[in-house]
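What follows is one chain in structure tokens, specifically the form predicted on its own.
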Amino acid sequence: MARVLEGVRVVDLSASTGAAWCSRLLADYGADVVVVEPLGGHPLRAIGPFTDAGDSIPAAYLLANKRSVTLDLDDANARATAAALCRRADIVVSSHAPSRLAAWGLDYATLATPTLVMVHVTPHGMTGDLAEVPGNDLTDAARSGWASINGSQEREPLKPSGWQPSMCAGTVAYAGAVAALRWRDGHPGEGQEVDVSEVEVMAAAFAPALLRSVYAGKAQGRRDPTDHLAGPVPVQDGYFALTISRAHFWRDAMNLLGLPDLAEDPRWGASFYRQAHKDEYVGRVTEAMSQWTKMDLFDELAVRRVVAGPVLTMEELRGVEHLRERDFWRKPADQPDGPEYPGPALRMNGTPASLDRRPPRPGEHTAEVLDTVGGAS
């Protein structure tokens, strides 16, 4: 079946999670992605957890569906080869600071290819006072405001779990790359740079909390530890998240939990009233929920159209039949006996994503790829 980015050539010069996720998405939807790794391998290959064979699991996920070339970009000949690869590409993905790209002669101005789309995924963007300043998911969360509302009031601020800033920025970069290609299709010869700042991506996603604070005249804080319904609540076999955003959600949930006085008193239907009087009901609701198993409670609330969800463990997530039915878990086409990968990130019925290649070994495709440009490492 055809794929939406079939025929698009991508060179990934990056060394970061966010940029690697961007190029992985491009590969999943049909682009031919060549990742340029240093002689010691992509930095992701040194990040755990690791398989029993010593291979990085994050690298396996983020480098899958790509071909690998190893080049020492501190060597002039290798830089010339990398530049030749980039000039043949439709898209170049980078995570390097402006000065590093300029020193290598791999910045957008030097490559000087009118049709080229160059996508940058960096902590603070390619312009401004912080363009050269390094960062990571922790500093992204701190500088974007996310840490200020994440966690509990009596504890220190927390960054989002996992690599959320990186993955969000990579997704935005993918969208930017596709948008730039769409523009170029309608305006031949008009490539452009796509500049994605991880901090700005997270700050934009933080905007509702920021605006809420502005309009309320009081900065939104972290979770009140006495409000057990502001986060997952303990139940018999784990934890459960109960979202009460509408009056009928509250009424139906309280009736199910055997608390009819809370369900039928119209005062409790207003979220501002519940927030102001939470001490009067939180303990009772928490106690009622503790009598349920998480899947039984989810099934009953789902029938009543109440937004809620069980907190699933990793093993429970793998066993969810809904995800199996939607073909969420996939194996690389060239490694059918290998591990399953989560995905795809989005679905297109006419040009779907596909996982064709297992993660490459460092430099596995160097000769194959460089033969197309007459280069040598």
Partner chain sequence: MTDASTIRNEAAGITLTGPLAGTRGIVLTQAWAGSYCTALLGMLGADVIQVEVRKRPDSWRGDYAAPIGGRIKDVETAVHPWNVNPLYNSVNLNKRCITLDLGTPEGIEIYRRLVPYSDFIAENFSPRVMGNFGLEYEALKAIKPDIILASLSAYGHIGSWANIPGIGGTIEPTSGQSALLGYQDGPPMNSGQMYPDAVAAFNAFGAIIAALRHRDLTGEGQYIDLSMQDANLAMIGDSALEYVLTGRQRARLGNRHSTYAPHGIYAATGTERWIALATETDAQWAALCSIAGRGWAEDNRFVTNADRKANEDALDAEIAAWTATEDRDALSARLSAAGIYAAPVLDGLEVADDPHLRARGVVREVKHPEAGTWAQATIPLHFSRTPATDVRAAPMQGEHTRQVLAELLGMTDAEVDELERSGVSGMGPPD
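Numbering follows the first chain given and starts at 1. Bear in mind that the values here come from a model prediction, so they are computed numbers and not experimental data.
Only in words, not in the display: the form predicted together with its partner chain, which the text now covers.
Every member of the trio His124, Arg182 and Val196 reaches its partner chain in the predicted bound form with some non-hydrogen atom inside 4.5 Å. The shortest heavy atom separation between Thr286 and its partner chain in the predicted bound form exceeds 4.5 Å.
Interface membership of Glu280, defined by any non-hydrogen atom within 4.5 Å of its partner chain in the predicted bound form, is ruled out. Contact check for Glu300: no non-hydrogen atom falls within 4.5 Å of its partner chain in the predicted bound form. Using a 4.5 Å cutoff between non-hydrogen atoms, Ser245 counts as a contact of its partner chain in the predicted bound form. Note on the partner interface in the predicted bound form: the residue among Leu71, Leu257, Leu101, Val306 having a heavy atom within 4.5 angstroms of its partner chain is Val306.
For the options Ala78, Leu262, Leu85, Ala147, the residue carrying a heavy atom within 4.5 angstroms of its partner chain in the predicted bound form is Ala147.
Of the residues in 1-15, those that come within 4.5 Å of its partner chain in the predicted bound form through at least one heavy atom are, in sequence order, Ala2, Val4, Leu5, Val8.
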